[in-house]
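The chain below stands alone and is given as structure tokens, in the form predicted alone.
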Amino acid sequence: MKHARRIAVPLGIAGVAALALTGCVGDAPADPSAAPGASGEAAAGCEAYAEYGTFDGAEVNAYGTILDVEAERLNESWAEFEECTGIDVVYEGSGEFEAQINVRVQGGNPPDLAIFPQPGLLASVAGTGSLLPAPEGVVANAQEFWTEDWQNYGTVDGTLYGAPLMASIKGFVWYSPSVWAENGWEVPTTLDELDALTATIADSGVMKPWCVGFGSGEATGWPGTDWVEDYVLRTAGPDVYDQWVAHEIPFDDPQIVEAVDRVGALIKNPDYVNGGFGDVSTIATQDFGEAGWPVLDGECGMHHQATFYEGLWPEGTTVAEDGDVWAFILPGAEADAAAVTGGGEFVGAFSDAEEVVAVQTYLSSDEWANTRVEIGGTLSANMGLDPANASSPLLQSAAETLQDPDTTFRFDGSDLMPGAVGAGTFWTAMVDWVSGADTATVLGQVESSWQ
């Protein structure tokens, strides 16, 4: 389904201009084959991009955390858009984005577009006055294709700064169907059953139940926050989760301590981790991208990671109920609980050049969401997404979960907290905690850091 968009250029930081890019759209060639760089099959589909206009060799640079295979897929997702519009989108991925985006902004060298993985970080950058409010076309797309909750994640003080991009469900547990069938292990339906299964796998002597990795460059520690957030939502409930994220209750509230200790009963137990890598101490440094791979080698039974992890398995891995790996959503305290945490990215702009507005608007559309999801390995919460376009049955099911009105969805808590906490002291606290510090001490340190 194609929808007309309004594309507008912001006139300065203070607001969004009402002036549509009529000149840009008017310059679109009547014959799509005349679009700069368009030829062959790409030319045949260029009508779909006419609304964005044409630009002869204009360059738009984008900066984000997306790396390796996922970065290649991101570049593929806008390749036809580039051919048809003549815009060269130059993407730079960095494992130090969270620190470097502030350095670049403060140094007067921000990118045209930044793909923020945390709403809290987007909000802090917006607070500097350097990030531009979303242009008219992006606002229109956000209102049409994204729920109010998702729009709010990209909104600061009532102004939308960034529309969502991709999405993930964080609380998946990956495992090998053939190994489980061989050992008679069944997917748990409650957290208590998960605890019992963990003990069963450990007692079998076949493998360690869990393989875990918190390593992620300057972002090391964030996989630990995902564990905690999943358990807070499931053991304390969504209301307490919201209060905790908003700092309406202390970071070290007893209900949060209980959730962290329950996680610790699994991943700080030397009998339960770290399959394929060593003892508990290896968790702090093991790179998260390869942390689940021992599942394939029969060295660990389970790995906790988001839906995006489907794209991080080694090339040739089959993700299916009868394949090399499969996954189930971390269960709740009771069976059939429909509560999940998730994450996503938000595209903010530091430039209001016409070509930048065109790219930003395209990335907020249902067309881009369907194109990117069909390439594989990721999801979008865009309501214009056809779940059938997802690259595997698991992602198709996850897309339906995101669109299900009965699902209790909460955005990744650390991503909503102030950047200095969610992408700072909370991350380092998880490293200290898994390295031996006690729960009360590390949560108290995070509480003290919250200003």
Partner chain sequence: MSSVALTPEPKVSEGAVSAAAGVGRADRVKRRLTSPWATIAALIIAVVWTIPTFGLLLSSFRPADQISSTGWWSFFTNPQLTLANYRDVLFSGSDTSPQLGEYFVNSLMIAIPGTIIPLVLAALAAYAFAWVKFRGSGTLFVVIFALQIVPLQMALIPLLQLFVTFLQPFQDALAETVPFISERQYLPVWIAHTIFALPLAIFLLHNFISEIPGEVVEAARVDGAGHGQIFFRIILPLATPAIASFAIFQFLWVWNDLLVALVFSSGTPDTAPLTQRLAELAGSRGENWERLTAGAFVSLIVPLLVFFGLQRFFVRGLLAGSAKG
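Rigid core: the largest C-alpha set superposing within 1.5 Å between the two forms. Bear in mind the structure is a predicted one, so any value in this text is a computation, not a measurement. Numbering follows the first chain given and starts at 1.
The form predicted together with the partner chain is left out here; the points below concern that form.
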query: Residue contact check: F251 to the partner chain in the model of the complex, 4.5 Å heavy atom; finding: no
query: Touches the partner chain in the model of the complex: A50 (any heavy atom, 4.5 Å); finding: no
query: V103: touches the partner chain in the model of the complex, heavy atom cutoff 4.5 angstroms; finding: yes
query: Touches the partner chain in the model of the complex: N109 (any heavy atom, 4.5 Å); finding: yes
query: Per-stretch contact check against the partner chain in the model of the complex, the hit in 192-200, 130-138, 91-99, 234-242 (non-hydrogen atom, 4.5 angstroms); finding: 91-99
query: Heavy atom distance at most 4.5 Å to the partner chain in the model of the complex, all of I169, D386 and Q396; finding: no
query: Among the candidates S392, T408, T401, N61, the residue which, in the model of the complex, approaches the partner chain to within 4.5 Å (heavy atoms); finding: N61
query: Proximity to the partner chain in the model of the complex, single hit among I329, V156, V206, L312 (heavy atom within 4.5 Å); finding: L312
query: Partner contacts for 278-296, taking the partner chain in the model of the complex and a 4.5 Å heavy atom cut-off; finding: D287, F288, E290, W293
query: Residue shift check between this form and the one not shown, rigid core fit, I101 Cα at least 2 Å; finding: yes
query: Core-superposed C-alpha of N75 shifting 2 Å or more between this form and the one not shown; finding: yes
query: Threshold 2 Å Cα movement between this form and the one not shown at G64, rigid core reference; finding: yes
